[in-house]
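A lone chain, given as structure tokens: the form predicted on its own.
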């Protein structure tokens, strides 16, 4: 098992597992196994998920466990979390750079020349 599981990832997974334990699903492990189970799940997510970022991924993991709890009927495997993990939020796009009057005139002139070549 990896020893580099970030604390925030372990905390998110432990919270999610506690949420699932409350449901007492078929195949539910004993409550005293939460710590070991959280470590195993967090390690599995770390191995499969690559680079995790707390700011981007902690809300996603919380949402995934909420969705998982709403849909499963048996105790899930760590791999089941991927079906419920939302995509990372996309960074907003920058607006196009402002065009100066000279640039606009140049672009219009280039379009005019291109139009003339196409029509000739």
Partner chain sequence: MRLRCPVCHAEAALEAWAEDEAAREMMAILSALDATLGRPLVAYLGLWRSASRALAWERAVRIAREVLALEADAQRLAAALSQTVEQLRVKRDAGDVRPLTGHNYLKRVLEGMPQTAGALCVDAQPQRSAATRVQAKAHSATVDGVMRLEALKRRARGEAGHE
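Residue numbers count along the first chain shown, from 1. The model shown is predicted, which means the values in this text are computed figures rather than measured ones.
The same protein has a further form, the form predicted together with its partner chain, not shown here; the description that follows concerns it.
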Sort through 30, 95, 92, 50 and report the residue having a heavy atom within 4.5 Å of its partner chain in the model of the complex.
30
Out of 72, 34, 85, 44, which one falls within 4.5 Å of its partner chain in the model of the complex, going by heavy atoms?
34
May I ask you to state whether residue 64 is within 4.5 Å of its partner chain in the model of the complex, using heavy atom distances?
no
Should residue 4 be classed as touching its partner chain in the model of the complex when contacts are defined as heavy atoms within 4.5 Å?
yes
Residue 100: touches its partner chain in the model of the complex, heavy atom cutoff 4.5 angstroms:
no
Can you tell me whether residue 54 touches its partner chain? I mean in the model of the complex, with a 4.5 angstroms heavy atom cut-off.
yes
Sequence order please: the residues of 11 to 49 with a heavy atom within 4.5 Å of its partner chain in the model of the complex.
11, 12, 14, 15, 17, 18, 19, 21, 22, 23, 24, 25, 28, 29, 30, 31, 32, 34, 35, 38, 39
